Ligand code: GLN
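Below you'll find only one chain, the form predicted alone, shown as structure tokens.
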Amino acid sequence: MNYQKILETIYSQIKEGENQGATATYIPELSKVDPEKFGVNLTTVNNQSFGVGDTRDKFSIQSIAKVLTLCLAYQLRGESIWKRLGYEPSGTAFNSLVQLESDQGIPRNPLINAGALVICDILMSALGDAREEFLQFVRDIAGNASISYSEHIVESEKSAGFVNIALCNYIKSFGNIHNDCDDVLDFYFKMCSIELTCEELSQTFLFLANGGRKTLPSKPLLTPSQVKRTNAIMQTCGLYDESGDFAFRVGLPGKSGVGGGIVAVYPGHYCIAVWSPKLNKKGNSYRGMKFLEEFTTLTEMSIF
């Protein structure tokens, strides 16, 4: 499979086409990003890397980081995490308050905002310094000690994070947040602020294509059962209420973020990361969705 040629061919086609949508203006720092940025990187399980476009420009991964907090919580607490959140698609917006009342403060899954807040709370109870230890976890997976939180983005998110503040306090009213809400929210905003390049992102998530093992050096991060379930949650819940459409069109476990990134894994083969800041009405990258659909169609490589 000539991945480089395929990436370049699809990239050129999409780059020449329209670029619909808008950047996430409700987070002030994200509204400043050049909307025409567009990068793609693919890393195979034998550590070959292929890229095109703005593949080495850093961007805020935002909700993509929710998968990483889930993995750390899963690693530390095992199946007990499912006592405090579910693993079903929500069918509503990623920041919806609606379901929490009927579900008595139990978020539908860990990849919507409410679920990620509960995961942050779990990590804060499990670790001495969740902010620092989570960051070290990401650095270790990525093999990159320079990865850090962006304080500019943290402050920008805090200035506009009213719905997340409401979510956290509402969940706490049901007893499903155990730590101080301000501390949980601070960790949540920091987690979302991590900046990676497409190249770094595809390398970081490669363990989910490699049976839960980091490739260089080889190191187990999740059990085979845990990585199966994490990928299943990405498949069914990773693109919010557009997850079904993503499964239909792309056919890979994936996770998006409102910074314009999407990461997807083909178990046993590769991890691919796409970044284009303009979002569609569901909050997912317009060009990113198109690129991944064309890629799995052309290569005939999906899980289905």
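Keep in mind that this is a model prediction, so the values were computed, not measured. Quick note: we count residues from 1 along the sequence shown, nothing fancier.
Keep in mind the form predicted in complex with this ligand is missing from the figure; the text below concerns it.
Scanning 231, 210, 113, 156 against this ligand in the predicted bound form with a 4.5 Å heavy atom cut-off leaves one residue, 113.
A heavy atom within 4.5 Å of this ligand in the predicted bound form is found for exactly one of 55, 235, 63, 44: 63.
Heavy atoms of residue 192 reach within 4.5 Å of this ligand in the predicted bound form, making it an interface residue. For residue 68, no non-hydrogen atom is located within 4.5 Å of this ligand in the predicted bound form, even though that partner is not displayed. In the predicted bound form, none of the heavy atoms of residue 74 sits within 4.5 Å of a heavy atom of this ligand. For residue 266, no non-hydrogen atom is located within 4.5 Å of this ligand in the predicted bound form, even though that partner is not displayed. Of the stretches 33-41, 46-54, 268-276, 252-260, only 252-260 has residues with a heavy atom within 4.5 Å of this ligand in the predicted bound form. Across the proposed site, 164, 188 and 240 without exception bring a heavy atom within 4.5 Å of this ligand in the predicted bound form. Residues are counted as partner-facing when one of their heavy atoms sits within 4.5 Å of this ligand in the predicted bound form; in 22-60 these are 26, 27, in sequence order.
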